[in-house]
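Just one chain follows, in the form predicted alone, and it is written as structure tokens.
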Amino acid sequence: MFSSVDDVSARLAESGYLASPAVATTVFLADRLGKPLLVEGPAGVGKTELAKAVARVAEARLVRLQCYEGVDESRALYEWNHAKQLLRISAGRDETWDEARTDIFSEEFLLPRPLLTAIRGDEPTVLLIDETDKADVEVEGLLLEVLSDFQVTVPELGTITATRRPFVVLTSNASRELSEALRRRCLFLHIGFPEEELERRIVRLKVPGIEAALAESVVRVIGALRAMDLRKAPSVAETIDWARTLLALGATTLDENVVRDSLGVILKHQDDILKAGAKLDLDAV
């Protein structure tokens, strides 16, 4: 998909994603080596958006598996259409079980879920396995075969191997440790909070019309908040939301009233808001 690291940076930027050199390099290597990319970091720093941006620039289909506690094989890999199977069995009452079984466990009755959908596709595909750390440990076992050999085994049909490997992105907020077996199969990328200069560029790109001075003030205040011992530090997504809020309010500069009245946009816990209100010194940032 990409010819060089610079090509990654340029094309992602054209799609609205400003990538650091580390991000661009790792995406290029994942593409060139054909390995899955495990992206870890705090919520709201652009992990999911990276997969979407790669899909946009590659003109690829995005297949997303949203992980959560309790997600299982039937939601991640495949399941059989049991209602349709029962109708088929009822319609063929005069058949033997062997005859019916051969029919009902065929492609017609298979319901592919995201992992199998991505493996079977013959078009460019980006497979996003989002918030992998929220899934149960057992789900990682399902992923190992997919990430190792890009194949899926359906006992009734055999092994289905990818004819065209998808570009795979796994994201994690590091709420739990992923297994070493899973990590071994991936290239690793940590996305943290960006440097001030990059975050200013992101704000100017995502919030058209904002003045450079206000964007700089926003980023400096966000940096000061992240330096505090908060329950949830503001993410890049919240920086962008705050910039849009200030633009909607018609603010051209940051003063105590504007900041106090809009802290709920960037801080989502009352104790964080109280702490920021007491410690934040706009003259010092």
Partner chain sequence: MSAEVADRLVGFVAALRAHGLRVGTGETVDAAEAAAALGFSDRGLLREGLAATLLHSTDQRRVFDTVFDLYFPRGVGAPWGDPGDRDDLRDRLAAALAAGDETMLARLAIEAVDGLGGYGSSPGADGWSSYQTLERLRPQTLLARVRDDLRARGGDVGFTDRLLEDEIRRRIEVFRALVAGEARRRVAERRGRDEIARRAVAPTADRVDFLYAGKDRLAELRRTVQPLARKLATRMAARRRRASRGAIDLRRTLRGSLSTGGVPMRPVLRRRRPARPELVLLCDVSGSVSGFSDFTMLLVQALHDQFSKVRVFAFVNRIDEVTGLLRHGAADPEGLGARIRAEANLTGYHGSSDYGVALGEFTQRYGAAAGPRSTVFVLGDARTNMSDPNLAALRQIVAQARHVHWLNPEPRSLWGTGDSAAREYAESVAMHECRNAHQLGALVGRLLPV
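For clarity, every value in this text was computed on a predicted model and none was experimentally measured. Residue numbers count along the first chain shown, from 1.
Separately, the form predicted in complex with the partner chain exists; it is not shown, and the next lines address it.
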(request) May I ask you to check whether A22 falls inside a 4.5 Å heavy atom distance of the partner chain in the predicted complex? (result) yes
(request) Indicate whether the partner chain has at least one heavy atom within 4.5 Å of a heavy atom of L282 in the predicted complex. (result) yes
(request) Would you please decide whether L187 lies within 4.5 angstroms of the partner chain in the predicted complex, comparing each non-hydrogen atom pair? (result) yes
(message) I'd like to know whether S175 contacts the partner chain in the predicted complex, with contact meaning heavy atoms within 4.5 angstroms.
(response) yes
(message) Taking 4.5 angstroms as the heavy atom distance cut-off, pick the stretch from 45-53, 219-227, 59-67, 233-241 that is near the partner chain in the predicted complex.
(response) 219-227
(message) Each of E108, V203 and K206 within 4.5 Å of the partner chain in the predicted complex, by any heavy atom, yes or no?
(response) no
(message) For the stretch 242-259, I need every residue with any heavy atom inside 4.5 Å of the partner chain in the predicted complex, listed N to C.
(response) L254, D255, E256, V259
